[in-house]
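Here you get one chain, nothing else, as structure tokens; it is the form predicted on its own.
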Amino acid sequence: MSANEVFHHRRLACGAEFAAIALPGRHTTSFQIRLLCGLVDEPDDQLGLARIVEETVGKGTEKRTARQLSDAFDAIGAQAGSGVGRESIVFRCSCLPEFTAEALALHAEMLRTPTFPQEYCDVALELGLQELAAIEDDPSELASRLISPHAFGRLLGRHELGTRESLERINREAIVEFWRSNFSANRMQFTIGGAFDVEKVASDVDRLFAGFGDHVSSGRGCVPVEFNPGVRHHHKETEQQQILMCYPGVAVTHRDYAVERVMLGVLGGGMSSRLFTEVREKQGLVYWVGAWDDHPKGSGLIFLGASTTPARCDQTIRTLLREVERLGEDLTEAELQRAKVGIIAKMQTHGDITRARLGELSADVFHHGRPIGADEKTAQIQAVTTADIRRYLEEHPRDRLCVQTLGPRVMEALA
């Protein structure tokens, strides 16, 4: 933990997990309310339901209409938003410190007493159908949607928009039932950062959410990834060929997570990375190339992606895999240090933004079950050596690939 960071972490009497980081001198307060329910909790025949609930829960309460609720947030200058994920639904808010109590009370009212007006449910479902149709015109998003069920499995690989058929089966009763079954203080993680009175906020959260929902403390376990390797192609008459491939990595909590981050930094972190310089700058194979990780709770996958022309897709995929292998052969100390500096600089930059620092705290509580200081993370990154990278590559071979291509041509490179 940094000497400048003081965390408070405990379970409140209402059932919610509470974590706070005091950031004296900041002029804003940010908080997140993470409900431990998401796409994995949707009924099999109602995919897309969690997103519809997230979009409609703020469309009116027992005391206010949707407009009155929006006006109340605007009146205190609160910037509120939300998002749905595989395993959680997150409500975010940033405001001036003096309006923290009001912003908290509005969120409690919104989450505890939503009315889900029929007209807003209908609009949300119609917009969901339109967004689904729009994905067909977005090749990169479509490729991501296609690979997810094979990369992550039946539950974790679900798309937030569901399918046309599943959206058409959702009605207001299903929306209310999902909220009633999954929204509760016992499935809630509350995190806050900025300048505020920690004990007063903890007391307010405890009071505002006391008796909220059932008493079942679920949603805190891991949903296993069901990785299904193979090469799959989706034919589409496009000018570009989309390539996505992935293989198992490590969980955020694994001892080699820092090693994985540095390896990805060397591979795809910025314009000096190996993929950018070799695949794009030297060979001119792609207009976009990248490497990243994706982490459901308790697991992780490494992704490589590129957009290229159909004629160059085979050479591109061979080059992508070759660059990963080459890391174990000729990684230099200069590359290692550059990647580490880039990661640490990004962490420090995030730390200067209250909302971003709070987002990291929320993720740490979700994945690790505790706050983690910037110093601890920095030390883990700084300790990574070239030998660690080589060992990681040996212990995590790329002999099981899940590949999705999209475009006019079936690739031959992995046939």
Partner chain sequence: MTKKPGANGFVEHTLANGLKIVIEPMPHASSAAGGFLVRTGARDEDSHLAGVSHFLEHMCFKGTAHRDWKQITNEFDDMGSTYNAYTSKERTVYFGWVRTDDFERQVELLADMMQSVVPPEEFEMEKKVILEEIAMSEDSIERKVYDLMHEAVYPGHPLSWPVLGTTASVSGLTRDQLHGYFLDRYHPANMVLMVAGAVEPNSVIEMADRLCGQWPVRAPRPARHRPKAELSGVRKVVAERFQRQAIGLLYPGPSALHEDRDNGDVLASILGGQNSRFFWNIIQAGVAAHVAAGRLDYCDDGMMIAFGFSEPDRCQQLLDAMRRELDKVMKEGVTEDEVQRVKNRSRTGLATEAEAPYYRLMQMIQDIDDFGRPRSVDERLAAIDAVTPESIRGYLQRWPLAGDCMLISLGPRDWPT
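Residue numbers count along the first chain shown, from 1. As the structure is a prediction and not an experimental result, all values here were calculated from the model.
The form predicted together with the partner chain is left out here; the points below concern that form.
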Residue contact check: residue 379 to the partner chain in the predicted bound form, 4.5 Å heavy atom: no
4.5 Å heavy atom contact, residue 141 to the partner chain in the predicted bound form: no
Contact flag, residue 210 vs the partner chain in the predicted bound form, heavy atom cut 4.5 Å: no
Contact test in the predicted bound form: residue 28 vs the partner chain, heavy atoms, 4.5 Å: yes
Heavy atom contact within 4.5 Å of the partner chain in the predicted bound form, the stretch among 303-311, 103-111, 246-254, 147-155: 303-311
Candidate spot 79, 127 and 345, all three touching the partner chain in the predicted bound form (heavy atom, 4.5 Å): yes
Contact residue in the predicted bound form, chosen from 62, 375, 44, 352 - any heavy atom within 4.5 Å of the partner chain: 352
Of 218, 283, 171, 181, the one that lies within 4.5 Å of the partner chain in the predicted bound form (heavy atoms): 283
Sequence-ordered residues of 121-136 touching the partner chain in the predicted bound form, heavy atom within 4.5 Å: 123, 126, 127, 130, 131, 133, 134, 136
